[in-house]
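Alright, two takes on the same chain below, each alone as structure tokens: structure 1 and structure 2.
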Structure 1
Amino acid sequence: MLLPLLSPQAPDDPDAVVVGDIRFSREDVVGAATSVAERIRGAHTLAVLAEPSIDTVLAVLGGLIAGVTIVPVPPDSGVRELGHILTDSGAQAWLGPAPADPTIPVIPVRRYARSWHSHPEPPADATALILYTSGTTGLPKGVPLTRAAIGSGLDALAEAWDWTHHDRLAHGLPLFHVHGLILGVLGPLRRGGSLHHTVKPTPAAYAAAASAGATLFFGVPTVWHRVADDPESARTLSSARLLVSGSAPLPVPVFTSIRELTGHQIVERYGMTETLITVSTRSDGERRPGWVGLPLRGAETRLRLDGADQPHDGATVGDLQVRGPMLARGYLNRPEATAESWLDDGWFDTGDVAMIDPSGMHRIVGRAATDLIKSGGFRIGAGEIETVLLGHPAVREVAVVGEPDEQLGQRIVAYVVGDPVEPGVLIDLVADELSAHKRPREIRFLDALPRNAMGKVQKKLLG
């Protein structure tokens, strides 16, 4: 069964799912989600406007019970993106709240209706969700995820994080991505634990969740940065069992600040919409700032360059490829894009550049398209330089990019947010800690870096 919490044999919990001020017991969740399943039985694909609400949770769970594919849609989608997602996915109707101009029928979610009808478990290879990528290189691509892939990915994480039914997960992440929805909603329900969604991921909300007994917290780097800037709230998280960061690289100074304030070393992990989570630090293992850990159970990784395997020496960068039971099978309606990323030998080309040390620890350098800089004949990872610059006390945020240069091919430019500092100081810091050819040729100061909803820096908007 994909979600044991929905089994009649699971013990009741008066606060099994809390979203903001709405509290549902396990019995409430099962009854309400099954009532949703009753109304949508026979449908094949339904869209859910994935607002941070109990209605979104019930709509997704109802689809899983009924075996109906659910398409979580970002609530802030523009007209063009919204139309593309609905057409591309073949969604027949909205399930729950809908946009002002829905264009397709709307099926309400009645959060206080109850049904106890028994539904057979859908096949493991059935598509549970279609998630859409962020669309940084054109319209978003749909990624169909099977029940088997979701179950495998969550079980591998449970082993790495010692995640059990005793854990109460708290977070305030969006419910249309892997992090907030699959890990953040389906994860605790598969474990038989409980969920506290804070609606907004503020330090005060996280502190309140900790005071209410939350043991496990999810956040993106911008969330942890805000928590680190609120020492009183941060110290409340000392009672937690595990703090987890993902969706973007965690700056080393934030890792250090959280450790000093809470006593916790944040767990980092790596994954994509297409692969779910394949690499993570472990609850019982080393947590090294700037590194995202070891392959999860069942996952394999390799570094490639021009068709050849690259050494795992902790210094050589290569294109990161992964495979395992948690991967999707391809993009929806995109055979050419699928063929580019899903290779004939079963590996998925992530488009990320990484390095792996002899112990198997992974460090993500960045995206091959934006973070691999080819300067003066060298292949340089932007992430290396960013980590060094973030070590300077004047630097709060940084994004390193390669810009066209007639002599070098690309010159290294660092965009910095922080306190006033002489550019030469930062340039020399990189030259001293890494090497001269990795030093930025230019430092540009900004008030803020452009980011998307998940906190990822949008480097293509720089320059």
Structure 2
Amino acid sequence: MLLPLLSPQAPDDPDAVVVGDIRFSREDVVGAATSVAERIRGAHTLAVLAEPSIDTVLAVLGGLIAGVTIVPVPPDSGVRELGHILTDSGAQAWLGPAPADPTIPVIPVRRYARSWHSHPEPPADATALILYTSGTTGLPKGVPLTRAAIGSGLDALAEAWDWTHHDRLAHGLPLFHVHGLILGVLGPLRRGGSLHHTVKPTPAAYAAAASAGATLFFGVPTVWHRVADDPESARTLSSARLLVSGSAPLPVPVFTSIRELTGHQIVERYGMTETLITVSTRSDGERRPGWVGLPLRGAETRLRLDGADQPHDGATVGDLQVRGPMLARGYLNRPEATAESWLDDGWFDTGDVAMIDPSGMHRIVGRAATDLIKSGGFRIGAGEIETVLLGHPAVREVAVVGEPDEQLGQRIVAYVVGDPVEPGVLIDLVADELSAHKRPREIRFLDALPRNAMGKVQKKLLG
């Protein structure tokens, strides 16, 4: 069973799921999610506008109970991104809140409706969720994730972190990605523990959750950076059992500040939408700043260069490849992209460059492609932003890069050649067409882009 919390045998908890100031007991969650399941039975794929709200939690759980594939959509998706996700996923309707002027039907989520009907457990290889994630070019790709992959990925993390039903998880991450939704909502429900979603991942909200009894905290490095900058809130987290960082590299100074302020050494874990989490430091093991830990139970890793295995000597770098039961099997509707990353014998080429030491500790050194940007823990393709900017009549040429940023890890900067135009106009164009977190933080105007003899833009010379 994917979510034992939803079984009638689980003990009740009056605060099983708290999102902002909405509190649902386990019985409320089971009754309301089952009522959603009743309404959608027989559908195959539904889209959920994944705002950080109880409705999103109920819609996703309703889909899981009914065996209907759910497509969580970033709530600030612009027209281009939204249109693509709906068409590509084949979503039949919105479940819960919908954007203005929806192009498909809308099925409401009734927070206070209850049903106690018992639904059969869907097959383990059924697609539970389709998550969208950016590539270097083109619009985001759909990643179908089975119930079996989600279940084994969550169990492997539970083993590494000693995560049990005694834990109360707190975080304020978005509900349309692996981190906030799969780990952050399905994780506690699979363990039979409880969840406190703070809506926004602010230091004050995390401190309040700690005071209210949260034991486990999730954040992307930008969040931990902000916590470290707010010592009073940070000190409140001393009462936690475990602090976890992931989705982007955790800077060593942030690890050190958090240790000084809270007494906790942050556990760091590494993963991807396509693979779920495959490597993590352990709650009972070494937490080495700058390193992301050991393969999780069931996961295997290797370093490759030019088709050959590289030594695990803590110094040699190679392309990180992973394999295990938590992996997706390919992209939706993208056989060529699938063939590029899913290799023979179940290995997946992550596109990350890493080193592994003799004890099995992994260090992520960087990405093989400069055109994939990580900003605030969001994965963003330079190509998708360039395509939108080229759609503006003033823009003749453009190159988008990720430049180092203390808080965001990388900030999106667009280099533009063209006619004079207000930077804000171009920034808003990207926010409106794609989503707000993909907007460039800065536009820099140039007379020409640096190119090599072949005419290819030399992004490394920008900045």
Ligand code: MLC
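This one's a predicted model, so the numbers in the text were calculated from it and none came from an experiment. Residue 1 is the first residue of structure 1, and the numbers go on in sequence order from there.
Quick one, which of these two is the form predicted on its own?
It is structure 1; that copy is the form predicted on its own.
Considering the rigid-body rotation between structures 1 and 2, which residue or segment among 105, 309, 313, 369 is located at the hinge?
Hinge located at 369.
For the two-rigid-part motion between structures 1 and 2, write down the angle in ° by which the smaller part turns against the larger.
Here the smaller part turns by 141 degrees.
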